[in-house]
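Form predicted alone, single chain, as structure tokens, below.
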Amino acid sequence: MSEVSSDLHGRYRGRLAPSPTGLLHLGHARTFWIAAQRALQSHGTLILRNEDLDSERCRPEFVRAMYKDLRWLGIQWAEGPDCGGPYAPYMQSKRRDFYFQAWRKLLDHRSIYPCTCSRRDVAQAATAPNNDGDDEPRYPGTCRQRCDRGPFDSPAGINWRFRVPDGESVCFVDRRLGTKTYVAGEDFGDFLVWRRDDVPAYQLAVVVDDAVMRITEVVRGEDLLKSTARQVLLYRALGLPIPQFYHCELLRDDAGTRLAKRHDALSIRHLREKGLSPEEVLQQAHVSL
């Protein structure tokens, strides 16, 4: 069993990491307010990072709404795309060089391999159902034994997967939920770090950015617990310090479904236009004021 040590030295640094693919909703209000308060209570620094890697879905109007809605709620950040900072740029679309360096290191260490499987191939061959809100079915290892190992000068044109250590328990301490343990190869399989359309995958981008930006605690929704286990493996493979984690309880609608950006009626923008105050929106988000 590999136990994760998350003690980082230095001042607290937290982050808000929205993706501008839609309007922020009550669930975002809850998570981002908690993140802001944890930074404030720790006398630390809060940064805003625009996670805009998905060029097909990210739109400028959602970026503008993101800034306006967060400020309207009373959330303030010290570093970000709008105000700069020592770890700029704070837009993932401008940080490709950082991700490429990480890809090259993983390739040199044989931690990743090329994969020709499509989304449909993976979905049809997946050996475990999609559960716990996780958005990535378990990869069955179809391309693990590929013979065409390169040389590769670029990740473009093919998917790249991280080779997980099958059977190894990945443990981390969540500051709200306590110790969490996932078994590589059982709870999740080899996961994407780079897409064939030459876009770094979420797992790689967020690990690289959180490390480079010196984030000491990651606050996000508990739907990303399994992603945290994946990211722990990436931190280790890249030789990067592992931050602390705090996973917030998710908000759900009346049917028990977790809120998503399609819930426009519960967007911060819609509630604000209805005349609700920031305090009333935060009360609906079930946060303590």
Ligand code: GLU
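Sequential numbering from 1, following the sequence displayed. Owing to the predicted nature of the structure, the values given are computational and were not obtained by experimental measurement.
Only in words, not in the display: the form predicted together with this ligand, which the text now covers.
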Quiz item: What stretch, of 200 to 208, 108 to 116, 185 to 193, 169 to 177, brings heavy atoms to within 4.5 Å of this ligand in the predicted bound form?
Solution: 200 to 208
Quiz item: Wondering, does Arg220 line up within 4.5 Å of this ligand in the predicted bound form on heavy atoms?
Solution: yes
Exercise. Evaluate Pro18 for contact with this ligand in the predicted bound form, applying a 4.5 angstroms cut-off between non-hydrogen atoms, and reply yes or no.
Key: yes
Quiz item: Can Leu224 be called a contact residue for this ligand in the predicted bound form at 4.5 Å between heavy atoms?
Solution: yes
Quiz item: Hey, which residues along 79 to 95 are within 4.5 angstroms of this ligand in the predicted bound form, non-hydrogen atoms only?
Solution: none
